[in-house]
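The chain below stands alone and is given in structure tokens; this is the form predicted alone.
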Amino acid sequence: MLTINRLDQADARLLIEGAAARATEIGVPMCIAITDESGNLLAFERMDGGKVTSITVAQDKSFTASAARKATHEYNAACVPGNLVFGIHTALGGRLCVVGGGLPVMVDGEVVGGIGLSSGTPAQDMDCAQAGIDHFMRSRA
């Protein structure tokens, strides 16, 4: 039998709070998705002005980061023609996302969930996702 550590709703709110604060600072309204360690949606927020098309993208980024236990930008770097992993973005009905902005949430070396952001550039999405994780980790201390 396995004991599984996963984010709860309070954790998800902290992640969203930190990411949304950074998005507000940079002036880019975001769609923010939080998933558990298996990639199932726990919480979602579309900030006022967040792109409609980013609703699904943010969720897919979070899904990829938690279920595959790898940041989406890491897949992006590897998913190029000629590499053995090329084409992985078509797996799982296209849910595996290779656009930067999805990060696994790690606690004590274990993936407990994921955060995915979309509406800005990949760099902005990654920055806000990291801000969410940083806020969450500070709150745990």
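So that there is no doubt, residue numbering starts at 1 and follows the sequence shown. These numbers come from a predicted model, not from an experiment.
Not pictured, yet referred to below: the form predicted in complex with another copy of the chain.
The closest heavy atom approach of residue 27 to another copy of the chain in the model of the complex falls outside 4.5 Å.
For the chain shown alone, residue 6 is a contact residue for another copy of the chain in the model of the complex, at least one non-hydrogen atom being within 4.5 angstroms. Under a 4.5 angstroms non-hydrogen atom cutoff, another copy of the chain in the model of the complex has residue 11 among its neighbouring residues. A residue is said to contact a partner when one of its heavy atoms sits within 4.5 Å of a partner heavy atom; residue 2 meets this definition for another copy of the chain in the model of the complex. Residues 38, 40, 41, 42, 43, 44, 45, 46, 47, 48, 52, 55, 59, 63 are the ones in 38-66 with at least one heavy atom within 4.5 Å of another copy of the chain in the model of the complex, listed in sequence order.
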